[in-house]
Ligand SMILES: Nc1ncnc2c1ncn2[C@@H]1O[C@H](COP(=O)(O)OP(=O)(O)OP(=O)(O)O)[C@@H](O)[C@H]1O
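Shown here is one chain on its own, the form predicted on its own, set out as structure tokens.
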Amino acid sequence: MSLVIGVVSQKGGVGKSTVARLIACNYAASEWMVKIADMDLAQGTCTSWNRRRLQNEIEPKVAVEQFLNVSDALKTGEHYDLVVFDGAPHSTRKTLDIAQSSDLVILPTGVSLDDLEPTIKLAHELKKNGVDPAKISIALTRAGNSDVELSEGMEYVKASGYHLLDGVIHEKTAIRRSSDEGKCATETPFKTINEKVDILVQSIVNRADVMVRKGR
């Protein structure tokens, strides 16, 4: 049985696809067979990113495929060690389907209230619809340079009662440029950036391990 991680959001622009690609690349680097299920048929952000990755012959390779529904994605997942759902950039019925089918659900968010409030609202909606709140984790992404704002964002998430992942993805030109080349956020040319993002990666891996042990 494959590990399933869902990355979903209430709104666009919070780093959802960035997190999905980050997870996929780092598990693939550990020789896992990984597929990203790109559920955003309109934009296909991960699909376009993977095309650039293949064109630039970047290793490790990650399979990406667009799907209309969650059940079809899970069927193909039988051939993979990990399926990462990159949900559509808004809350839909598919968002709930992804959450219910995943071992771990990650909600990326910026650190402003414009991002935090809808993120926690989505977490509450998932919980209300039967998703175990223990498998919902919040990832702070799109963070700026303000330590105060970051600290306030962390406190906001902790007060909500949901699990806050360690590590942060800061707004960095190097991360955007690397994405343009088909790379993930730990594949930039800068060691310090990669190391900081890797803290989030390890936190995701650790939390996934906890949820798998709990659920299986």
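Just so it is clear, the model here is predicted, and its values are computed rather than measured. All residue numbers are counted from 1 along the displayed sequence.
This next part talks about the form predicted in complex with the named molecule, which is not shown.
Only one segment in the set 27-35, 165-173, 148-156, 65-73 has residues whose heavy atoms sit within 4.5 Å of the named molecule in the model of the complex; it is 165-173. The named molecule is not drawn, but in the model of the complex it has no heavy atom within 4.5 Å of K196. Taking the partner from the other structure, the named molecule in the model of the complex has a heavy atom within 4.5 Å of a heavy atom of Q43. Within this chain, P118 is remote from the site of the named molecule in the model of the complex, having no heavy atom within 4.5 Å. Interface residue remark: P89 is counted as part of the site for the named molecule in the model of the complex, having a heavy atom within 4.5 Å.
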